[in-house]
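Alright, here's a single protein chain in two forms, structure 1 and structure 2, each given by itself as structure tokens.
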Structure 1
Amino acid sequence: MLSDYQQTLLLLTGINVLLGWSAYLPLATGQLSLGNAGFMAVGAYAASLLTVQPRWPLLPALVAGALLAGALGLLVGFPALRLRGIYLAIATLGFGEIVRTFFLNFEPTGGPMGMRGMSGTTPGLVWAWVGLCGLGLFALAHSRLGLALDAVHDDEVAAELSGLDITALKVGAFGAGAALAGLGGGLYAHYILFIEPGTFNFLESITMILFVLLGGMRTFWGTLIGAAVFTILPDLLRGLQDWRGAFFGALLVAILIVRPWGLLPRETLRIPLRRLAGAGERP
């Protein structure tokens, strides 16, 4: 039986995995988005409004929040196609600040005073979503669509010349990532039971990117590992007290120096698969 503390850590890890995958999907097509905290805020406030006022059950409220964030992600994804690299990052950062400012002045959700009254969630529900989304990403990674995303990431021009619809792939990845951020936001709001606009600042978006970088950019398994390490490791370092932050930062730098492609790069997964395939071919 897990203690309350262990259940909380498990729940936060699950939410962070979803948020990490929300950053992983745009990055899978070479898009660096720093606006995921904005999509997280949309999902959190939408799901909270639906459960607090019309008293919707939690599950449909979470789905509605994720769909709203995903639809907004599609709208943002089209103009974002014109931008690359740091320019795209700055533009999405601006979007996140627009969303934060909107909720700061939107009285129905409490404005700067924030919003409360939501019901709680459970680690089981959070990890059920993680399992469902993980299955979807596993299927995506082993499909032609997954290969198309890889092609767009590696060389857009070559991918377009081979007949791939670059616009649909990039906007779709952007929208799917936004929907995952909205889902994570809804679960977070119903765990913390209080949200306010300052929670969804650009540091939250940067943290989601770090989950991907730490775990490995080219596989969703890496993001799962990165989010888990990023959530659990600071807690394991509590004994260091005031030096915990410095030691954690130094440890992250050391990890990225030793493993610049992340803790679990795609090549690491391919080696055992090749060995299995080779063993299967032996007489």
Structure 2
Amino acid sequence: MLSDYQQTLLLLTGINVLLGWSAYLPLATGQLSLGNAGFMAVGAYAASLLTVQPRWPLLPALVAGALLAGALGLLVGFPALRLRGIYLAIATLGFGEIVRTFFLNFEPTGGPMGMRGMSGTTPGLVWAWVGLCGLGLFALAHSRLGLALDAVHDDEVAAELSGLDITALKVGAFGAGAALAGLGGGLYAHYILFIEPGTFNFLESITMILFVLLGGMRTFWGTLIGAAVFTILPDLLRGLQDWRGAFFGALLVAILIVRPWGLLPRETLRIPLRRLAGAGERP
């Protein structure tokens, strides 16, 4: 049997995998969102409001939180279509700050005092969601839709010229990412049992990007590895204490310098395969 401590790590890893995927999906279409902590907050607060006051069961409350975050994601995704690269990152960052400020002033959820009264997440429940979403992403990676997302990522103009609906793909990926962040937020709130606006800050959004980067920007399973490493590593590094932030910052810079596309980009696996396949053709 797992100890309490191991169960906690397992649960947090699962939540972080979902949050990592929430950053991965927009990134798969070339959109860097620095505001996913905002969507996470919406999911966390919405699900908590539903389980604490009308006493909804956890499952429908989680789904409702995810859907609300997803709908908000679609709403943000449309105007964000006009923005690229750095400017999209700035706009989403501003969005995240606005959401945080909103909950700081929203009395029904306790404002700056935060909110309690939730209960109920288990590692099994979290990993059931991870499994479900993982299956979805697996199916996506092996479908025409997945190819279409790749095409948008690699060359938007060419993708549009070959008849792809860029708007639907980009806004869809953005909204789906937001929904995943909302789901992760709902699970997080029902595990940690206390949420406050300060939790959902800029740094939280960055951490989600970190999971993706560490695992490799263009494979959904890479995020799984990235989230696991980043959840377990800080615990192994407890000795660092006050220098943890500095350590992670330096690690982020180092990863980017060594592998700007993440530690395990798709190509790492492809190249040996291609070599094997092409071995016979060489003169």
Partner chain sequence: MLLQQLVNGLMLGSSYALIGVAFTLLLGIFDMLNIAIGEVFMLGAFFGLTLVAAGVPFLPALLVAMVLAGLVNLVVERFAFRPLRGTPPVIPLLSSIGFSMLLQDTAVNIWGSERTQFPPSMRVVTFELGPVLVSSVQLAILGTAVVLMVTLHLLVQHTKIGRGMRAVAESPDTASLLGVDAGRVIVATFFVSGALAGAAGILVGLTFSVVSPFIGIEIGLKGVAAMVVGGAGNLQGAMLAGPLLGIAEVLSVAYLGAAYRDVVVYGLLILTLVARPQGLLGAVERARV
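What we label the rigid core is the largest C-alpha set whose atoms superpose within 1.5 Å from one form to the other. Keep in mind it's a predicted model, so treat the numbers as computed, not measured. Please note that residue numbering is based on structure 1, beginning with 1 at the start of its sequence.
The form predicted on its own appears here as structure 1; structure 2 is the other form of the chain.
Once the rigid core is overlaid between structures 1 and 2, Leu252 counts among the residues whose Cα shifts by 2 Å or more.
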